[in-house]
Ligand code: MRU
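Let's start with one chain on its own, the form predicted alone, as structure tokens.
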Amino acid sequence: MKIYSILRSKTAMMIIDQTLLPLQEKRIEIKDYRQMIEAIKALRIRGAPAIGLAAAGAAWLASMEFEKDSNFKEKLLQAIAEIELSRPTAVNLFHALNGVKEIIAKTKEEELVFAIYEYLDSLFHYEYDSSKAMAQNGFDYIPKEYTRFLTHCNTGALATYGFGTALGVIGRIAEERQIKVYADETRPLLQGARLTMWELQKMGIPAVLISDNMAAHTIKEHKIDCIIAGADRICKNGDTANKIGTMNLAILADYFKIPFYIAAPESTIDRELDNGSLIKIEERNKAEVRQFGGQQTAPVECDVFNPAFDVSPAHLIKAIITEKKVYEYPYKF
């Protein structure tokens, strides 16, 4: 069964509400850009490529809302500024919105809604084609004797539009080889447990769920061949921001002398950012750490540090797999 995290029609965007998975598979129709901003902030839609589509879709919804206003372009640019504030780390969001702003600058007002929709449609085609090519590049590159994979967070179709990034590569490998996947649960919001395991079961791939603090023991005892993760922003030097806990795995891979791979579309590479120290890391609500499954698990007023991402240094990343090619360290994008 093919999974599509986000779809578009002529009048609305539709997303799977990922906060309800794996217990409920519910698709939400979104006709207001403010509703899409809420969906991005609440992680109803998530994953760098899918967030890019959601952001462009939100801009298109705003264009339809303000089309009849006398100050159409001004209001649309204000809406885009609001969308840009929804999540600060994933570069795909800004990449998609920069494309919309370029269209606004060069397009007549009466043609603008259609032009933005055409751009949105092109992004959907790009994400689908790129994820397919990325999966094939990963299949061709990763040694054929590797059969035990460890992954983190969610990088499948739910995070993209199509095959996924890291999980797309794993899925392509599973078509040709007998493999087993070990998935970190990914605290504090359990995207690995709730989403990746859900996708792996739908894909029919043998998989084992572990908590994040079991990774080192699992690598040692179950002889993990490699670790593969996705990315939300890749700097010009190869430093890579991804879901919090990814850097732990990059360090463990180095310790255990196994390769650590990143799979992400070219649009995730930020060639304007020299290194990872310049990435703005999103900090999320403290309640995400104080609670578990809606139950209070820490003192109500205890202080919390809740970064959503960390940055894996480039020298710990064996290769970065994109739809264009496989880059090896030292990186020259």
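Don't overthink the numbering: it's just position in the shown sequence, from 1. As the structure is a prediction and not an experimental result, all values here were calculated from the model.
The protein also exists as the form predicted in complex with the ligand; that form is not presented, and the subsequent description refers to it.
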Fill in: Contact test in the predicted bound form: D184 vs the ligand, heavy atoms, 4.5 Å
no
Discussion item. Residue-level contact is defined here as any heavy atom of the residue lying within 4.5 Å of the ligand in the predicted bound form; does G168 satisfy this criterion?
Written reply: no
Discussion item. Residue-level contact is defined here as any heavy atom of the residue lying within 4.5 Å of the ligand in the predicted bound form; does M64 satisfy this criterion?
Written reply: no
Discussion item. My question is simply whether A54 lines the interface with the ligand in the predicted bound form - judged by any non-hydrogen atom within 4.5 Å.
Written reply: no
Worksheet entry | Heavy atom within 4.5 Å of the ligand in the predicted bound form - residue from I83, A231, L76, V100 | A231
Item to complete: Go through A135, I227, V91, C153 and name the one with a heavy atom inside 4.5 Å of the ligand in the predicted bound form.
Response: C153
Fill in: Segment that reaches the ligand in the predicted bound form - one of 174-182, 205-213, 158-166, 104-112, heavy atoms within 4.5 Å
158-166
Response to the item:
When the ligand is considered in the predicted bound form, the residues of 240-273 having a heavy atom within 4.5 Å of it are N242, K243
